[in-house]
Ligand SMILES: Cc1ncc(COP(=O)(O)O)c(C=O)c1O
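The form predicted on its own is given below as one chain in structure tokens.
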Amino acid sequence: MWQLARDTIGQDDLDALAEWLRTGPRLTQGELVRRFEQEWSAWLGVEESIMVGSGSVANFALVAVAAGRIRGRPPRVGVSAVTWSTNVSPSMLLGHEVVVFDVSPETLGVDEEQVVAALDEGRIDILFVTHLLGLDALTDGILQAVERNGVILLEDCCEAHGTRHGAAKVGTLGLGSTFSFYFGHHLSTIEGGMISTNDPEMADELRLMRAHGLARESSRFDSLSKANSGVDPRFLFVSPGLNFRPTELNAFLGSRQLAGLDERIAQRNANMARFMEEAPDWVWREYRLEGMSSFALPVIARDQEGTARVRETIGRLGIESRPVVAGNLLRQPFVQGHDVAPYRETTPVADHVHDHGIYVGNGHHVTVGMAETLAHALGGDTT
């Protein structure tokens, strides 16, 4: 069976992990987490990275810290209609106004024309872009509108390790970015996530939030201790926080996996490129593949007849599939009754993805030959 995903953690990783565990190492967050953060920052091209327990936690912490820079009212946060629930849940839980944009069929990311209009109208304080399925969701027009309007740009790169916009990797273009290291992603640490930024103040706030708000996590520990001399500095809480920490075990796996990440990305991209070359015209093929780091193979038919054909074909071939993430979030029950609304009255592209969107796995277990076979089967080849 062509599975949706196989854990990127291989037997060699497990053997190395078992050997390391036999040495009786520290398992709570420590030196290995710090080392992996530094390695990740160097690979991505940023100054600071903060490892946390999951990509979802990364989203919450990043949005919460960024929202603290908006004064006087709840921030207005722009998001994609087609994304994972935890791209929008943090803003819902924090009481933000959420503005939802339709998506582009070329990127499956936010529609450029809508976003630029909303930014120029002063409708958005924070734009949280999702690089869905490893496609580059940014455009030069969006980046220019963010810059001229002083809007905070955040990037959800949980499915986009290594995706590029021009010469830069996504995750380096805004105030901060998030990554997921869950099962089946480009890199897995069992559970885990990362927040990356070039802003030292944001990094400091994120480290405080990750560990209960304890001053000892801050680079300003000495000055904070002096300013709060009436509290024992060992348990000095200077900001709201929770426990979002990862473990040394997660970081041990992360460092090992990072060494082979570029090779895995190249394999994923080769699979995606061949599938798009060979797929029939009644399947969406107009994606902007430049800069991608493919997470999955989208199989989005242009009409209901095609969708039925996709389902029949992948079922016959024994291929596991999923919807294109959450479909149109505006049709999900969890957003009902909250301050979540579309920028425009309708979201036709997101609705099409919701009704016809299917993806199949594209990881280290998938080959170019498998992608080609699926494309040919969709085209009617039964051999």
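Being a predicted model, the structure only gives us computed values, none of them experimental. Position 1 is the first residue in the sequence shown; the rest follow in order.
The next section is about a form of this same protein that is not shown, the form predicted together with the named molecule.
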property	result
Output flag, 40, 49 and 163 jointly within 4.5 Å of the named molecule in the predicted bound form, heavy atom basis	no
Contact segment among 231-239, 118-126, 103-111, 78-86, judged by heavy atoms lying within 4.5 Å of the named molecule in the predicted bound form	78-86
Listed residue that, although the named molecule is not shown, lies within 4.5 Å of it in the predicted bound form (heavy atoms), from 185, 210, 169, 268	185
Sole residue of 176, 298, 192, 254 within 4.5 Å of the named molecule in the predicted bound form, by heavy atom	192
Contact label in the predicted bound form: residue 357 to the named molecule, heavy atom within 4.5 Å	no
4.5 Å heavy atom contact, residue 158 and the named molecule in the predicted bound form	yes
4.5 angstroms heavy atom contact with the named molecule in the predicted bound form for residue 294	no
Contact test in the predicted bound form: residue 54 vs the named molecule, heavy atoms, 4.5 Å	yes
Stretch 253-274 - residues with a heavy atom within 4.5 Å of the named molecule in the predicted bound form	none
